[in-house]
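There is one chain below, alone, in structure tokens, taken in the form predicted on its own.
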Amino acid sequence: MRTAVVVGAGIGGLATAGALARSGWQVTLLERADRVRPGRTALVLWPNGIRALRALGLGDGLDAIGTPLGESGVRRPDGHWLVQPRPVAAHRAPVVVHREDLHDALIAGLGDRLDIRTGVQVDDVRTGGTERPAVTAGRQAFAADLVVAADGTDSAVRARLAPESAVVSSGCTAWRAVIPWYRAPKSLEGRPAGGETLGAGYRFVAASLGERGSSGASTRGGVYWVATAAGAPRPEPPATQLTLLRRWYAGWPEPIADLLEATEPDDLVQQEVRELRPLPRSYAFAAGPGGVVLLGDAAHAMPHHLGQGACLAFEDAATLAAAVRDATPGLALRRAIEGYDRERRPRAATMVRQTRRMSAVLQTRGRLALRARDAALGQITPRLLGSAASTAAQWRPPA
């Protein structure tokens, strides 16, 4: 029987483990936390991420939990529209999902051929020779025909296999929250919560999860927002961070102030935005009858500005599952993971370039540079966002 070890039980690891298990692999899923936990906020899935989930056989679950983003424009802090709100075709519309709902759908799709081990901190990987690849956690070793490193930005597996790729700060910090409908501001009644506002080093994005008065398409309805600000993470307690956010975004167009006022400290999730520079030279490392592959943030951690992190992880999972579906350990499996590398590295590099261009727009500093940026923002931003959206939408699952 073909065997696989998946390191990391985030959304990319869960999607990959489930896909392999459903196609006949015996899978061991390793998670360093004491239990497999969902995230507390939400995320946006663009058409490429949705196609990837459907290719993985998880489309039915997505239909039950996703809320279409609908019309969404881009404004400046003074309220001027950079991109006017306009309807989005149904086949191109992104959806918003609560991470807990998505986690439940991924858990439901794991299947029976899977063993979950929690509290396992992987610290090394073994490749080379004719032996099967393996990861170690202290004195424990987990060997398999295929090892999938889905252990996130701080991947221990990648650190060993691709030491040239370093984790660096992107120069900004993000705060996220989901406000349940019973606390959502009354000013949102009769108007969409969605939209994006771009300032000098600051950004605010909001989206609805379902409809007020019911769970809607999401079993955990409310309003999801993300605030991004240039600079390092704040060391203060969440209540103080929330006070700072309200100060930084004071005077921005509604409903931003109302959303921040309705947010409670326990809702707030702060995260330093980090990325890999440079990207790994390879996402596949042959060993024995198979090898090791990098997936998700372990392969291409990037800033969240284009909302493609989760989508690319699901693309990775769908591509890998298709590549190894019929591959037997030996030459066929080694060629399959080499094919995965050829497919994924150019795609990831393209999306990282697009994201870094958006980072440069968001983090412009200096008085003269800001004046030039603001003068050109109305032309730069729509073109950049349109190009990024087209690049993301072009992906199709492997046949």
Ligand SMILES: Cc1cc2nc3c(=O)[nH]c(=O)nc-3n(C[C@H](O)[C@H](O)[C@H](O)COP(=O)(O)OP(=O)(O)OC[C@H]3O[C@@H](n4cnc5c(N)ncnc54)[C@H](O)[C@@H]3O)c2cc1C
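For every residue, the number given is its place in the sequence shown, counted from 1. Please read these numbers as outputs of a predicted model, since none were measured by experiment.
Just so it is clear, the following notes concern the form predicted in complex with the named molecule, a form of the same protein that is not shown.
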{"item": "Stretch in contact in the predicted bound form with the named molecule, which is absent here, among 348 to 356, 23 to 31, 333 to 341, 59 to 67 (heavy atoms within 4.5 Å)", "value": "23 to 31"}
{"item": "The named molecule contact in the predicted bound form: G18, any heavy atom under 4.5 Å", "value": "no"}
{"item": "Exercise: D151 in contact with the named molecule in the predicted bound form, heavy atom 4.5 Å", "value": "yes"}
{"item": "Contact label in the predicted bound form: P255 to the named molecule, heavy atom within 4.5 Å", "value": "no"}
{"item": "Q121, heavy atom within 4.5 angstroms of the named molecule in the predicted bound form", "value": "yes"}
{"item": "Heavy atom within 4.5 Å of the named molecule in the predicted bound form - the one residue of R75, R203, R132, R176 that qualifies", "value": "R176"}
{"item": "Proximity to the named molecule in the predicted bound form, single hit among P185, G307, P233, P85 (heavy atom within 4.5 Å)", "value": "G307"}
{"item": "Members of 269 to 294 lying within 4.5 angstroms of the named molecule, judged by heavy atom, in the predicted bound form", "value": "Q271"}
